[in-house]
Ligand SMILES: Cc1ncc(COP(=O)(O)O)c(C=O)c1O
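One chain is shown next in C-alpha cells, namely the form predicted alone.
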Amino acid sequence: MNSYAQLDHQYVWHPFTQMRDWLRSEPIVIASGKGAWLTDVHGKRYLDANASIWTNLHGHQHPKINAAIARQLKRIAHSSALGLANEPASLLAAKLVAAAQVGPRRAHGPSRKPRPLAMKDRLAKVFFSDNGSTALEVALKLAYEYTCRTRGPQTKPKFLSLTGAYHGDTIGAVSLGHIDLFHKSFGGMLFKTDQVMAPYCYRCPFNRAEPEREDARKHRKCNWECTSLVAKQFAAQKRRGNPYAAFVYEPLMQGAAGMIPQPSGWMEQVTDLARSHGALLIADEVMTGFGRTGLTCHVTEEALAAAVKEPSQAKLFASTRTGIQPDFLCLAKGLAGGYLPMAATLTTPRVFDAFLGKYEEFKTFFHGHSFTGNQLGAAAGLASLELLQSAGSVRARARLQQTLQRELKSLWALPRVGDIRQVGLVVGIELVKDWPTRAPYPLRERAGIRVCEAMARRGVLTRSVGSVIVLMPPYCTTEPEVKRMVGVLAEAIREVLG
C-alpha cells in the first residue's frame, strides 16, 4: 500500500464515509489534476465526473485562476474582515450583486402585472463565509432576527423546507434538513422546522403515468397536488397565528435528495404562495449556482447562437433563470471555481436596514468567520466569474449540455436505469431493480456505491446519492470525455447489476 494511503488509514476520518469499509482497501490518493482529469500517486488517470464533489467549474489547474491566486499571493493572503475591508472581496461582492439581479417578470407572481422590484427588495448586500453550511446558517440567522424585529419580540419564527431537504451540516442548517440518514442522530440538538412535499415526479404518489423510457417530468399525469399541499401547509401555519418566517428551497433541482428536478412551473407557484403568506425566500444555490443549471431547459442551436452573441445575458443562477427574486441567495462550492473555501449570502437592503442602529442598541449581526472575505478566495472568485461570463465559457457550457442530453439517451436501453434526470449540467441516473415497476434497491445493497467503484476501476470518478449516480462534469469537459463517462457508467451498471 502506498505510504500516503497508509497515513490516511492511520490518521484521517473522511466525511460521509463508513470508515470500516474504507479501511478494508487501499484508497485512491490523488496527486495532481489537469482539466477534467485527476491523477493518483501511481500515475493512473481518472475523469473527474462530479467536478470534485460539485465544486470545480473550469477544470483543474486553470491558468487564469492560477495566475489570479499567484498575483494575490504576492500582495497578501488574508486580513481580517472584522474592522477592515479589502480590494478583492469588495470587487467580488459588487460583481455577485450584479450577476444576481432579476427582471420584473417574476417579481410579483405570474397573475399580476410585472413591475420592477423596489430597490429595498433587490439583492444588494453580501455577507461572506467559507462553505455552503455557513452560507445557509447566515441566511437562517438573519431571517430569524429580521422576523423578530419586524413582527415583534413575541414572535417565534418558524421555517418551512422540503421533504428530502439537505442544507448543510451546521446545527441551524441541519435543522432545515429532512433526510433521516443524515439528520436523525442529531435530533436532540436541533430546533424544529416543518417540511412539505417536494416534487419527485418519478416516485410521486399523485403521478398516474406509467413508467416510460424518458424523464418522468415529461409524461407526468397529475393535478399539481404537490403545490396544493404547499398551499395547505402555509394556510395551516397562518391559522395558528404564526406565519412562516421563511421558505427554504433549492431551485430547479434538489441535490442530496437524489438529484430531484422540479417540473416546469413548480417553483414559480410555490414561491408565489410563500410570498402571499409573508414568508421570506431563502434560495440555496450552493449546488445549482454559477451556471450549473444551464442556459435553458433544452439548448437549441438558436439558444446557443444567442448565448454566444450575447454572453452577458447567460444567467448564472437558477433564480435568475426563472426570474424569481429571493430575499437570501446562498452561494458556495463553485464560488471560487473549486479552488478555495469561499461562500456568500446575498440579501436585500430591507433586511440590512433592520440591523442598523446606535452602538448601544446592539442591533449588530453578531456572527462571523475568521476567514470572511479572504483575499485569495475572492481573487479566485473574481477570475472564475470573468471566465463564466466570457463567450468561450458560455459556448462550452451550452455544448456540454447538448452533449450530455445526446449521450444520456443510450442509458435508457439498460433495464436497471429507471429515470434519467438532467437540469442543465447536472445529471442524476436512478438505478432500480425493475424499471416497469420502479422497484428500488434497498440501501443495504449499496447499488450506487458498487457501480461507482466499478467506474473508478475503469478510470471515471463520481459519487452516488443512494441509488442515484451523479454526473456533474467540469465545464471544460470535451465531447469524447462525456462519451467516455457515459460509456463507462453503462459498463459498470451491466457489470454490477446485470
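The model shown is predicted, which means the values in this text are computed figures rather than measured ones. Each residue number is its position in the shown sequence, starting from 1.
Not pictured, yet referred to below: the form predicted together with this ligand.
At the 4.5 Å threshold, heavy atoms of W54 reach this ligand in the model of the complex. A residue is said to contact a partner when one of its heavy atoms sits within 4.5 Å of a partner heavy atom; R292 fails this definition for this ligand in the model of the complex, lying far away.
This ligand is not drawn, but in the model of the complex it has no heavy atom within 4.5 Å of G428. Proximity of E250 to this ligand in the model of the complex falls within the 4.5 Å heavy atom cutoff. Taking a 4.5 Å heavy atom cutoff to this ligand in the model of the complex, the contact residue among N86, N131, Q72, S175 is N131.
Three-residue candidate spot Y166, D284 and K333; every residue lies within 4.5 angstroms of this ligand in the model of the complex by at least one non-hydrogen atom.
The candidate stretches are 379-387, 284-292, 143-151, 356-364, and the one lying within 4.5 Å of this ligand in the model of the complex by heavy atoms is 284-292.
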